[in-house]
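Only one chain comes next, encoded as structure tokens, the form predicted on its own.
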């Protein structure tokens, strides 16, 4: 990837704030041609910088009020990919990462209640290859999942003067 510039960052910022905005309106707000916006969006998608503009779902709004992080120890030789495939069949597992440290995999899960969390943990532990699970319950999200600060950090690292004079939209 060739990197992003200040216009790319402003475009990502705009679409992060308003994912349903049209290309024509985005071009008007950014002060660039419609074709420029479309070409930038296409390049950002092609390069894997953006992965879509779908809605961001809040699990709590769907009744999943409990968030927990579960560290898994896997049976030696079971492999991470087959376990991840099995975990992907459990709707409440919303992320899974292979990790370093005392565990082998870290999962972020949601549940409707603490009792329901036990059901989810039981499903996870029942997955072939999972040997042991240790969980912690999130009491409050202090910083929600975010990537926009990385966008501006990438721009400033690439060209420190690229963002000068261009504040947030």
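Positions refer to the first chain, counted from 1. These numbers were taken from a predicted model, which means no experiment stands behind them.
There is also a form predicted in complex with a further copy of the same chain; it is not shown, and the following applies to it.
Novice: For the three residues 50, 147 and 154, verify that every one has a non-hydrogen atom within 4.5 Å of a further copy of the same chain in the predicted complex; reply yes or no.
Specialist: Contact check passed for all of 50, 147 and 154.
Novice: Mark residue 77 yes when one of its heavy atoms lies within 4.5 Å of a heavy atom of a further copy of the same chain in the predicted complex, and no otherwise.
Specialist: Outside the cut-off, so no.
Novice: Test of understanding: in the predicted complex, would residue 42 fall inside 4.5 Å of a further copy of the same chain by heavy atoms?
Specialist: It does not: once a further copy of the same chain is placed as it appears in the predicted complex, residue 42 has no heavy atom within 4.5 Å of it.
Novice: Can residue 31 be called a contact residue for a further copy of the same chain in the predicted complex at 4.5 Å between heavy atoms?
Specialist: No, residue 31 stays farther than 4.5 Å from a further copy of the same chain in the predicted complex.
Novice: Using 4.5 Å between non-hydrogen atoms, is residue 132 touching a further copy of the same chain in the predicted complex?
Specialist: Contact check for residue 132: no, nothing within 4.5 Å of a further copy of the same chain in the predicted complex.
Novice: Of 87-123, which residues get within 4.5 Å of a further copy of the same chain in the predicted complex if you count heavy atoms?
Specialist: 87, 88, 90, 91, 92, 93, 94, 95, 96, 97, 98, 99, 100, 105, 106, 108, 110, 112, in sequence order.
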